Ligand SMILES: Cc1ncc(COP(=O)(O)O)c(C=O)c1O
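Heads up, the chain below is alone and in the form predicted alone; it's given as structure tokens.
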């Protein structure tokens, strides 16, 4: 496939990583970007340059500290601009991804709006946009619309019904912008308009949106604004970076921070303390992850240079190719509607090969075809159960005990997921499809090679699976090699 994305599409660390399958090493086909993307080399270069000036930002007494402080302000400006957030919004960085941001919002909004005890959470959420709200509020579930025979995006009529029934009692609606299981996209601005009409806010998990499609939090009609949006840097080509939270500043005004510590106070005495009035300061106790924050902002700035519209169009072409080719694999079931015009998606497809456990399929794809996919329930157990609609009547259970039936059901309670990044090509998708077709044709062969249970698939002997015996990354070996290079550089003898 030709691409109009320019050199950025190949600007990633690890694209040429190879593992041994069979008798020779072959380049991996990395299709697990919904979990973690590869590192953008441009962002890594900016990070390394910053490290030459690294310092703690909590002072302006020396040049390195001033550099770190300026870098943080730059990163906040970049993130707000990338997400179309105006000066009504605050940008914060916290934790290792979306989870810390969701917990912060759930804690703060429950306390700042105590007269609104309810939170509406969609049935397609990742656990990070579900469990924090359960801890701090009473959660009501928003069901999904039906697109043909498959559950689709959030059911807007049911959402409106719930908002009307509990008008004035709903604090906020928590919804994913794009599902990490199916890639299905929710109409977040329509949801915001409905929520605001009934005095509720809208909180969007943007982890699967931010690197895949344009996002504009502030809208010409403020009734369609997004109130809070969070995402994970490690899903936006910046592994090692924090989570990002962009939220309307007024929503955090006067809230007690979730964490207390250094860097967020104006004064501390033996018996009291005074918090800094600046929300961007007050919300981030301790030494911030400046290096990760700079890396994240650099990645987003680079994406912005290419243009998110172009990136989205490229990904949609890949999706169309993948769905067309996967439809030709015998016995393959894709979850969620597949009409991209009627049910928009980002580059994420979950599926199963009929009668084969997801762990067996994913492991065989890795070991024989060097295709890296994920399997399981993807931290979205309720949604996966809705999609599977698993029925034991389809299994051959007449001769099995109750315990054996339960073990069999557990092994099949999940799916395989292929997900795309900026670096994904048709060659990667074709390797996935060809591998699935081969595994389906040779089911008995693969069952003979692996033991499968609820914990995964393992080769029955060390030589049975090529990839399983490949030389993987060893931190200790890498450390020893790096130390050896340093000794050689200064002429020291090797130990």
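Numbering follows the first chain given and starts at 1. Just so you know, these numbers come straight off a predicted model, no measurement behind them.
Unshown form predicted in complex with the named molecule; subsequent notes refer to it.
When the named molecule is considered in the predicted bound form, only one residue from 97, 414, 421, 292 comes within 4.5 Å through any heavy atom, namely 97. In summary, among the residues 226, 207, 297, 245, the only one with a non-hydrogen atom within 4.5 Å of the named molecule in the predicted bound form is 207. Under a 4.5 angstroms non-hydrogen atom cutoff, the named molecule in the predicted bound form lacks residue 350 among its neighbouring residues. Remark: residue 76 does not count among the residues lining the named molecule in the predicted bound form, judged by a heavy atom distance of 4.5 Å or less. In the predicted bound form, the named molecule sits beyond 4.5 Å of every heavy atom of residue 43. The shortest heavy atom separation between residue 34 and the named molecule in the predicted bound form is within 4.5 Å.
Annotated contact segment (heavy atom within 4.5 Å of the named molecule in the predicted bound form): 98-106, selected among 189-197, 354-362, 98-106, 257-265. Annotation for 230-250: interface residues with the named molecule in the predicted bound form are 232, 234, 235 [heavy atom within 4.5 Å].
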